[in-house]
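As structure tokens, one chain now follows by itself in the form predicted on its own.
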């Protein structure tokens, strides 16, 4: 009988970190991710299944436990679970109209922390990251340099940057140089 084995995938950028005077960058551990699209009539059922109320306004997010949902458009969310529960499984039981696609291996996430975190991100992102315009919990699909990212403010001086895995080296290198510049 043939022995089966499972190929283990090393997370992109695993273990990479950088610290400057007022900014620290780190690759976040792998997470479950879901690209969710649904009409307004399905939001209630999906919210119940996911265990959190899907946000319905631009630049908003919702979080409960290890799970978060980021509003990306009128019918689009990025659902992230940093714990062991895959949100795709929860959505598979919802009969209401929706599209749920697992994208866990597509993205890489970085934390950008420190008093100059916003300045480092703004080196390549046109988003106004002042606390008045982009408060804690705000999220947006935007750009960093030449790459599309999803940006979430998790604390006054802390951000989560999500990007496609194929662009993760570019994003980390860009943020490293921006953090060095912010420290100068």
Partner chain sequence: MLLIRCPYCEEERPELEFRNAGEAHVVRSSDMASISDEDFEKFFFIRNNPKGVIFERWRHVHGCARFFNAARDTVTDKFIVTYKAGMPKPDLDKITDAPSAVAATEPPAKKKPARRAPAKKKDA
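Numbering follows the first chain given and starts at 1. In this text, all values refer to a predicted model and were calculated from it rather than measured experimentally.
The following text describes the form predicted in complex with its partner chain, which does not appear among the structures shown.
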query: Touches its partner chain in the predicted bound form: residue 47 (any heavy atom, 4.5 Å); finding: no
query: Partner proximity in the predicted bound form: residue 73 to its partner chain, non-hydrogen atom cutoff 4.5 Å; finding: yes
query: Its partner chain contact in the predicted bound form: residue 140, any heavy atom under 4.5 Å; finding: yes
query: Its partner chain contact at residue 58 in the predicted bound form, heavy atom, 4.5 Å; finding: yes
query: Among the candidates 126, 51, 29, 39, the residue which, in the predicted bound form, approaches its partner chain to within 4.5 Å (heavy atoms); finding: 126
query: Per-stretch contact check against its partner chain in the predicted bound form, the hit in 61 to 69, 111 to 119, 39 to 47, 143 to 151 (non-hydrogen atom, 4.5 angstroms); finding: 143 to 151
